[in-house]
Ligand code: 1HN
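Given next, in C-alpha cells, is a single chain: the form predicted on its own.
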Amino acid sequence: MVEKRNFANRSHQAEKTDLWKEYPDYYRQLEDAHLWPLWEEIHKFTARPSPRSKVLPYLWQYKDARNLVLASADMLTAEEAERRVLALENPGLEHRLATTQTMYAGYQLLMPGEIAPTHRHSPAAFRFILEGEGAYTAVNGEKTIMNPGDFVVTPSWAWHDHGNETDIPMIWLDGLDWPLVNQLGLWFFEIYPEFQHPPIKNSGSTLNYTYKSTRTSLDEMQGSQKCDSCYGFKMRYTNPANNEDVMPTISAFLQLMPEGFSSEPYRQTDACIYSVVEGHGCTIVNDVKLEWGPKDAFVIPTWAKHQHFVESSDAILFSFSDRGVQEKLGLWREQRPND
C-alpha cells in the first residue's frame, strides 16, 4: 500500500495560499492522486539566486581524531569491523555519513598484523595516507605499498583489501563518492568468497600517485609558473591513459601555497574536502575561521566565499570534490575577484 502524502504536514511549513483555502476539495484530490502543484512551492526557488547548502564549514583536528581512531583498536579488529573507520560527518548533514552532499571522508586505522578483508562496491574510493608507512592496498589482487602523502585509487567495483605487515599503526583518509551513488540509487556491495583476493603481478596500472612524485611536480610548478592569486600552485590528479580525472566521479587536487600567502576571495560550486599535508595557516569561509595544521581536515561548502592564509612556511593541501561530474554536466562554475 502506498502511503498518502500528508498535506497537513505541509501546512505548518508555509502559510496556505488563497487557492488552497478556496479549493480544498481540489487539493484533497491531488493528495489522493499523489500529485502536487508547483505553484505552492516555486517561490522557494525563485527567491534563491544562488545555491543554498546544508553543508557547514568545519574543521577536524587530527590530534583529537587520532586518539579516538586509535582507541577503536581496543574495541574491535579490522576484520570484525569490515573497515575500522571513523567518518567525518558534517554537522549540517548529521546521521548521513556524509562530509558534503556528494562526498564522504573518514579516518581508517589498520593495526600491525591486521588485514581488512576483500570486498567491492559501486562507490569509487581512494586512500590518502596520513600516518605510518609500508602497509599495502591490493586492488584486484595487485598490491601497492603506501606511505604518507600517497594518493591510492580504488575504482568503482574493484576488489580491494588492505594489509599492515609493519610494526606500527597505519592511518589514512578514505574518500568515497557514496553520498552521490546513494542519491542515484545505485549502491552495490559484495564480499569476496575468500578472505583475500589471490595476488597478481604488477599490471602496470596506476594505483598509487606517490607523494614523492607529486611533491616534485609542485616544486617544478613553483619554479616555472606564476602563483595564482586564489590557490597558489595547484595540480589535478589525472589518469595517464586518458588525461581525465583518476575516477569519473571524484576529482582530486594537490596545491602548494607559499610562505606568507594570502589568497584573494574565491568561490566555486563544488564543495571541497581538504587534508593538510604540510604547513600551518587558516581558511576563512564566509565568517568562519578554520585554523589548520598538518593532517587536519576541513570542508568548504558549495559556493561559499573563502580565503586561505599561510603562516611561516609553504603549505601543501590535498583536496577532493565532485568537480568532474559538475563539469561533464555543464554545471560547474567559479567566481574570482574580477568576475
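The model shown is predicted, which means the values in this text are computed figures rather than measured ones. Numbering starts at 1 and runs along the sequence shown.
Keep in mind that the form predicted in complex with the ligand is missing from the display, and what follows is about it.
Looking at 221 to 229, 175 to 183, 241 to 249, 70 to 78, the stretch with residues near the ligand in the model of the complex, meaning non-hydrogen atoms within 4.5 angstroms, turns out to be 175 to 183. Taking the partner from the other structure, the ligand in the model of the complex has no heavy atom within 4.5 Å of any heavy atom of residue 236.
Contact check for residue 212: every heavy atom lies farther than 4.5 Å from the ligand in the model of the complex. Taking the partner from the other structure, the ligand in the model of the complex has a heavy atom within 4.5 Å of a heavy atom of residue 187. The closest heavy atom approach of residue 83 to the ligand in the model of the complex falls within 4.5 Å. Using a 4.5 Å cut-off to the ligand in the model of the complex, not one of 274, 306 and 333 places a heavy atom inside that distance. Residue 108 is the only one of 140, 156, 101, 108 with a heavy atom lying within 4.5 Å of the ligand in the model of the complex. If you take 138 to 174 and check each residue for a heavy atom within 4.5 Å of the ligand in the model of the complex, you get 160, 162, 174, in sequence order.
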